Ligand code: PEP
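In the block that follows, a single chain appears as structure tokens, in the form predicted on its own.
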């Protein structure tokens, strides 16, 4: 249920509404509407509450019952596209330029990171991705450099002025190469260093983790990029985003990365869920980013799928790139080269220009 305050509503009017909400045992979220009028979202099971319970209060214009299970991230709650401001004129969402996020799957060495950051920056890409903690299917695969990798990303931000996105793999404590447990857990470390916190497909249904994430970033409103699980329905995806928003952080970016079907992996890693872009843009007000690298799994397929995603209305692209893909420690076969990345960006920007 959402309450639209009137143009003439006073702060006292709003406080009376909020008191009635909390007095009935519900939680609320207040947002500034597109016209500058406050909208109040009520959270909880409102099936036994009539709209008139709030409509008779001074300052209330109208009360609308939301039919969607995902309330705060729905178009019903707020019809305006959410635009996430990272500072320094770097925006994700809205009618402006595409948000490009590019970098290696994993941070391997200072030399590798600086080479990639240099060409990413020269292309005008403003956000660099890179994994410090890597959740791998095999326990024997490279797991990332942890805090040392995060420190490399901090150096990249300072030297090149790039914003940083990196994955938080959970609430577990990281154990270093000497077998010593680090004092802080992985999520806390990533929160300290990242401009955008990435939540991978494996954690999309880790609801306790998503709740904790929303609570820990409630004050900072640090943007969260949430990836769709490879076997998850779009409703489940939106409800996972709702967990974060309902716990205090409205700055969520939805990221599609391909879904598991009956496709043979020798052709593509997953099936690109490009059609989901239009569904999410219709159902939700959150920015939608597409990851062509993980959806196809082979660099030869990345450019075409990336451009198709932009044409379908994606707000940005999350692309893996490597200065030496043949010798990458992780996902080298799907990492585009410097020249391929430049070509994708040029063509994607041209498509975006035609659409807006």
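Positions refer to the first chain, counted from 1. It should be emphasised that the depicted structure is a prediction, and the values quoted were computed from it without experimental measurement.
Only in words, not in the display: the form predicted in complex with ligand PEP, which the text now covers.
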Using the partner position in the predicted complex, report whether residue 294 sits within 4.5 Å of ligand PEP, counting heavy atoms only.
yes
If we define contact as a non-hydrogen atom of the residue within 4.5 angstroms of the partner, is residue 167 a contact of ligand PEP in the predicted complex?
yes
Just to confirm, residue 202 within 4.5 Å of ligand PEP in the predicted complex by heavy atoms?
yes
Looking at the partner-bound form in the predicted complex, is residue 156 within 4.5 Å of ligand PEP by any heavy atom?
no
Counting any heavy atom within 4.5 Å as contact, can you tell me which stretch out of 279-287, 156-164, 193-201, 81-89 lines ligand PEP in the predicted complex?
193-201
Heavy atom within 4.5 Å of ligand PEP in the predicted complex - the one residue of 126, 257, 71, 145 that qualifies
257
Proximity to ligand PEP in the predicted complex, single hit among 240, 187, 150, 105 (heavy atom within 4.5 Å):
105
When ligand PEP is considered in the predicted complex, the residues of 308-335 having a heavy atom within 4.5 Å of it are 320
